[in-house]
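Okay, so here's just one chain, in structure tokens, the form predicted alone.
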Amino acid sequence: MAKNDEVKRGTFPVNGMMCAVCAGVVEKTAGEVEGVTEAAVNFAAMSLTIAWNPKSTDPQIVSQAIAKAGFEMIVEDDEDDAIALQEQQEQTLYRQMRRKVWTAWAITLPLSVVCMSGLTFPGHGWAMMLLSLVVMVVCGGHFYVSGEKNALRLTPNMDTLVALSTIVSFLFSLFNTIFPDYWHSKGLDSALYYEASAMIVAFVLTGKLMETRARHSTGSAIRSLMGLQPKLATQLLDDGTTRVSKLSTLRPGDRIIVAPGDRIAVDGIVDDGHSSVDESMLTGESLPIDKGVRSVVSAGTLNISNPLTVRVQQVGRNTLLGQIIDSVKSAQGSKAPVQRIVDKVSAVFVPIVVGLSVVTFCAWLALGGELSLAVLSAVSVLVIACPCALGLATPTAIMVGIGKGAQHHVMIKDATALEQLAHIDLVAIDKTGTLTEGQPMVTDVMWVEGQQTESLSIIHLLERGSSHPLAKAICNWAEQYDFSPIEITDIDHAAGLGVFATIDSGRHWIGSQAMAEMMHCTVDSTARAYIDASLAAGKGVVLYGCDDRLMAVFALSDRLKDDAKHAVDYLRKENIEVALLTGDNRLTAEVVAEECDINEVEAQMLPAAKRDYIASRRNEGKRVAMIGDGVNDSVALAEADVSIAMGTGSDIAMNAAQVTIIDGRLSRLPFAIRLSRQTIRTIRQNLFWAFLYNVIGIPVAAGLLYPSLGIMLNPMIASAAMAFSSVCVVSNSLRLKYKK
């Protein structure tokens, strides 16, 4: 639970939610607790995400409020313990529900055969009454308890509909059993519908069982990620002994031993040992990485060959894997814009259905229909209506889509980004570190005043504090030589240009040609020819000088990523415009653009210029995605409709972005766009069928086709259709897992 401006945030499992109406009640109840600033329920994940002010409330108080509303919010000190407890309870409930389903069908099938065959025997009505009562009370008792509670709270839900429909059928049949000739004396037909009550319970239970099992599969991605993080670690104590410790007890500075074949439990530094580590779950790199003393290791990665002693830096939710898991959970719990409409419909759905049922009953009697027909129609309306399908349509697809993205190293922060990514018209791409490897090397250097040891010291000093790939390349180059490091803290940065500092009464600087112009530096013809030749060859140039004197020119090259052209080709094939935005010079940018077949190039752009470009294209009506990796891209990322960061870049860029490609492979971009489109298509399909099901099902259940076609929907068929609708929605969402 992260702290931010005295507001804490956490996600907690919630048990007892049966439909979208229940989810709405939990969300509303939590949101009304004083001190809670945000509450969002993920019905598909059976969880509640809240943000709260710890000075005013805490999760225990929220849990108590939710308990009064009839649901259970699980609050544990350790989130993993809470999830484990929920899964344990869900498994117990699943086994209980499975027993109830078998029991219900074992009684309902013989009962239906007797009723439908017209078989009679002395006391057959009372026998059927007892059998249906067993099914209703023993197998479906929770429907009546929950339905009554929610009705009294004026928040009727699916349980209320099931309870009303089965009670009406049962009481009507019971009256006819006690007074078999009452309706005949009034010239009306009567019948027994005990099997309808039992069948409704059996079908609804079966549907819930199938839905629970299918919905559990939608969370498989997050569970697989959580499964990568060990719960225990072998801690190495100061006296040389070891003990098995829970991760929650480990602190930075502690040491753990990781045996071959075990997953590393923490983010840390190797203190002792040498081994190969499989980091594919984080980086996508299939080949193991050699790790020795002072190497950085990450939680969830697999130690392959030899034991390692690791000094702990981060544990649990603070590790890179923990942050990924938190991000996926948060994204899966977020709501797409279309979900707000569904929430509003779900809030009034059940009262409208009850009203339609009453209208149906009265209309049949007013039109001179038989009483039994009126009862059947009213019951069928209650049964066939399904708020569950509506409630599951969006969150199940989002859970599967975002989970699948995480498994393929694409982190999508929220459902809004997932939806917007499907509709982009233009992708603006940064060059260094995005289209290129971001690991340039100094190929050659032109010294204007001759190489000096002092110059090496100053160059290294100026560049070592920068995260820019060109600065790192120059630092690596300088470290090949012997020089005496110097220390100075008064270093200034010119955004997008370079860095400078006053040393020995001179203003030393290093950066782009624009930086040289800002320093009023004179570039002679020899240096100009060298710069032009380097640029024409597609190399980048960095200039170093003191005051207005040019002292050296560095030529650097950066290899194009292997999958860059493939990604650009996909975008062009999908009629998505591509623009290259870079702070580098135009010649270098055009060489890279030509290799990737990019027509639009904007070069020598400062961060503000990138932002202004994106703003102008948005003003033209374009939906723009920006993809970059550096600090200088953060303002442009913030301006875009969809911001995409490379995970190999700066933390600032990743924090500003809605989507992060963890392993930095540009080929993940086409995958992310396809995934977005498939997910949005699935959501639309789910909502279409959920709404269509109710729009068609309710009138048919009301008997709209009876006068013209003689079609009357039996409550048993209605209950089967209702159960089937939810299962169809979840199953359709699960198809996303297998699409390419």
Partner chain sequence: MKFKTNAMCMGCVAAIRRSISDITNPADWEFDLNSDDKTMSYIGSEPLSDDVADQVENAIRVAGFKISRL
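Positions refer to the first chain, counted from 1. Computed from a predicted structure; not experimentally measured.
Below: the form predicted together with its partner chain, not depicted.
Novice: Taking 4.5 Å between heavy atoms as the contact cutoff, choose which of 349, 509, 71, 172 touches its partner chain in the model of the complex.
Specialist: The option sitting close enough to the partner is 71.
Novice: Should residue 29 be classed as touching its partner chain in the model of the complex when contacts are defined as heavy atoms within 4.5 Å?
Specialist: Output for residue 29 is yes: heavy atoms within 4.5 Å of its partner chain.
Novice: Please check if residue 10 has a heavy atom lying within 4.5 Å of any heavy atom of its partner chain in the model of the complex.
Specialist: Although its partner chain is absent here, residue 10 would stay clear of it in the model of the complex, with no heavy atoms inside 4.5 Å.
Novice: Just to confirm, residue 730 within 4.5 Å of its partner chain in the model of the complex by heavy atoms?
Specialist: No, residue 730 sits far enough from its partner chain in the model of the complex that none of its heavy atoms falls within 4.5 Å.
Novice: Check residue 18 for me: does it contact its partner chain in the model of the complex (non-hydrogen atoms, 4.5 angstroms)?
Specialist: So residue 18 counts as contacting its partner chain.
Novice: If contact means a heavy atom within 4.5 Å, which one of 34-42, 62-70, 695-703, 677-685 is the stretch that engages its partner chain in the model of the complex?
Specialist: Looking at the other structure, the answer is 62-70.
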